[in-house]
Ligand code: CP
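Before any questions on binding or motion, here is one chain by itself as structure tokens, the form predicted alone.
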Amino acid sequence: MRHFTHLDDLGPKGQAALLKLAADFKRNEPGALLKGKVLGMLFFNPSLRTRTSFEVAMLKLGGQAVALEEGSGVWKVETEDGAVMNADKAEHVREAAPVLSRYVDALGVRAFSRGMGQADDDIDGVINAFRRHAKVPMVSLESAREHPCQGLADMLTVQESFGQTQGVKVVLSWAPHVKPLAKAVPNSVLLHAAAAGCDITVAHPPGFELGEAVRAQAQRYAGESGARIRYTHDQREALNGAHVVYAKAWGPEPRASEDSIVSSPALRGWMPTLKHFENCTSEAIFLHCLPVRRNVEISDEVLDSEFSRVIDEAENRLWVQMAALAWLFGKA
């Protein structure tokens, strides 16, 4: 039984195969590959692109998606083993996952970081609990540690823009926000770019390092793909010769107060403006997973510029997810 909850389920070769399949599907829709199949989706957190794109993907493939919102019409779910359930959670994953598995042919779960630190995020407790107890294939709709479908869409966008991913210079730059955000998206940018053979620079202020386990995994992928990875605190130097600028907010470790992130002039200067693109290549593109806080995280002038590919990137969620679903069901 196949799962796609983390990039390790594919590895560099598997990612390359899915990107090729997604590009093929985008050129020529495959039809009702999944006729009669049902994807159940359980959302612990809000969604616009993920929910819509998965519903449309299943529709285009001839199947159907059922979306459930934990705590809103669906019981709150406990995922800790041995929990004394005397609070607000009435359902346990040990029953919820196998019951849902009797109704649907595949199960997707979206559960953000609990905000308890890097070690807790690396455990990825919610999605891994469902994976242990589900009896059908699992797909991540984003978890505490990774957002693998976003990572695939990012690499498909890079591939479309430059004809390849190998050797493309990708700069993952920290950006400011009104609150500390989780690291699932920047983790996936690093991991998927490493698996795709990119030349990656991660630029961030001191104290905002990505986790050791994720960095080690990225280095392992780089050894397979020929990618190069480096880390720096100098954003402007990192952007020299960049093909791809991927800006994303994430919180420090250990977590700091919201004020320390928003009020510091030095940190506010990390918000990308057109000046940040002056030393990039002439064909440079800008990526962001969305949603984005305009003029806090990214300036209007960048999002509305010729550099921006954020809408193309969001569309590509549909095609990579169609490919991932076909793979999960053994149709690819």
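The model shown is predicted, which means the values in this text are computed figures rather than measured ones. Heads up: residue numbers just count along the shown sequence, starting at 1.
We do not show the form predicted in complex with this ligand, though everything after this point is about it.
K.L.:
Quick one: which of 118 to 126, 168 to 176, 143 to 151, 77 to 85 gets within 4.5 Å of this ligand in the model of the complex, going by heavy atoms?
P.N.:
So the stretch in question is 143 to 151.
K.L.:
Among Gly36, Gly31, Pro265, Pro291, which has any heavy atom within 4.5 Å of this ligand in the model of the complex?
P.N.:
When this ligand is considered in the model of the complex, the option within 4.5 Å is Pro291.
K.L.:
Report whether all of Pro46, Thr50 and Arg317 sit within 4.5 Å of this ligand in the model of the complex, measuring from non-hydrogen atoms.
P.N.:
Yes, all three are in contact.
K.L.:
Since only the chain is shown here, I'm wondering whether Arg110 would be in contact with this ligand in the model of the complex (any heavy atom pair within 4.5 Å).
P.N.:
Close contact exists here: in the model of the complex, Arg110 approaches this ligand to within 4.5 Å, heavy atoms only.
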